[in-house]
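Just the one chain here, the form predicted on its own, laid out as structure tokens.
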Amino acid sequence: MGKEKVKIAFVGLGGRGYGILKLLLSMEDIEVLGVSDLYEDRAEAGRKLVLETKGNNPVCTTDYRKLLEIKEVEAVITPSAWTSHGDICIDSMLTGKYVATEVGGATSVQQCWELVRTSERTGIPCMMLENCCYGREEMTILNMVKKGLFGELVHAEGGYRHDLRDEVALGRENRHYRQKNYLNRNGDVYPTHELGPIAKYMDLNRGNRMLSLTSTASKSVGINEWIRKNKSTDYDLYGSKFALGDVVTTVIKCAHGETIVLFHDTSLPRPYSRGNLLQGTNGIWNEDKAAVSIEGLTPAKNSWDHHSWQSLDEFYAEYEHPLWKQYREAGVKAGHGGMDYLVLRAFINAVRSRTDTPIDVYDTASWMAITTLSEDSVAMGSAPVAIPDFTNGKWIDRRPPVRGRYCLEEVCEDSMDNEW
């Protein structure tokens, strides 16, 4: 690419982290100077991957703080365990390094406030790597929203609906952090795959915000049943009580009256779905149908029903987001259909240009906070819980976003410089 390399430190090398590191190392303008994981073998695997791929031997440690001492490191990427994200992000910003965290909910509202205040005090951005914001379908819907096809937005739904029973039940054997969270927490522990795109559709933290939520959890039996069917009675988790309800439903009310419904559903047999749905005064999108219905554009079904579904495929020619048009022409990269690559490039582009990130610290904090707030609501019998305004009122009149190819507030068709 002919550009000076962006120097990165990488924290967290489980299955997801190793995959992200591999994708990152495929980029010509990246140099990884350090890797870290609590498990020595994982950290060593990361070191070997960097050495084999790029030819440099990075610092390898089980203490991520040692990576923050490397003066040349410009940015930190952390796909570590959910409960560690906050501390790693705060410590990184305090050393003047841009930081990007993998998705996952917060453990306390105080932690979210610390993220915001540290970023504001240091002037260093903190970005959640919410890859779904950069999915082809989600970005096409974003383009359609910004062009007014849905009219005034009223309601949205989405969820993380994914059969993870084996991953959770075997969490100890696989050294996966989900198990301990499911054993001890009851709320929406993974809300951002659906909330991230919805937040950008509804201008949350920029002219709108989330006001309050209620969360309700079903009983918890799915993982226990999986263990009963797949393990013997002497297995130490046989009969253990998992705190997390099998289906957690969260309803959010926004400042301008919009409603958002989120689902967390990972402990029962089911096909994967994020179940996105968006409704406005002029139309509706249903991800599970891969279809939209837009007044004036989709044909009437019959004389007594004036609405019909039309495949979203028929809208791509005119409404596909220009970033994705360019991306497909250049060749879509690996990683959840290509969106992993885009969210990483969005972060790296901000580091290189020393600008704010397209998913900023206010987004990161407010999306993460849904987890701990939903836990509070569930614990209080589905009582309403206020959602803090992490912008401290700036949402009413935010300064303009950083325009560019990765912008999620606007569709910047005039800023699609080709970096591939």
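Note that the structure is predicted; figures quoted are calculated from it, not measured. Residue indices: 1-based, along the sequence shown.
Separately, the form predicted together with another copy of the chain exists; it is not shown, and the next lines address it.
Although the partner is absent from this view, residue 283 contacts another copy of the chain in the predicted bound form, with a non-hydrogen atom inside 4.5 angstroms.
Within 4.5 Å of any heavy atom of another copy of the chain in the predicted bound form lies no heavy atom of residue 135. Contact check for residue 79: every heavy atom lies farther than 4.5 Å from another copy of the chain in the predicted bound form. At least one heavy atom of residue 305 is located within 4.5 Å of another copy of the chain in the predicted bound form. A heavy atom within 4.5 Å of another copy of the chain in the predicted bound form is found for exactly one of 320, 87, 114, 246: 246. Distance criterion of 4.5 Å from any heavy atom to another copy of the chain in the predicted bound form singles out 217 from the list 227, 217, 144, 344. Segments offered: 312-320, 260-268, 93-101, 174-182. Contacting another copy of the chain in the predicted bound form at heavy atom distances within 4.5 Å is 260-268. Contacts with another copy of the chain in the predicted bound form, taken as any heavy atom within 4.5 Å, map within 135-168 to 152, 153, 154, 155, 157, 161, 163, 165, 166.
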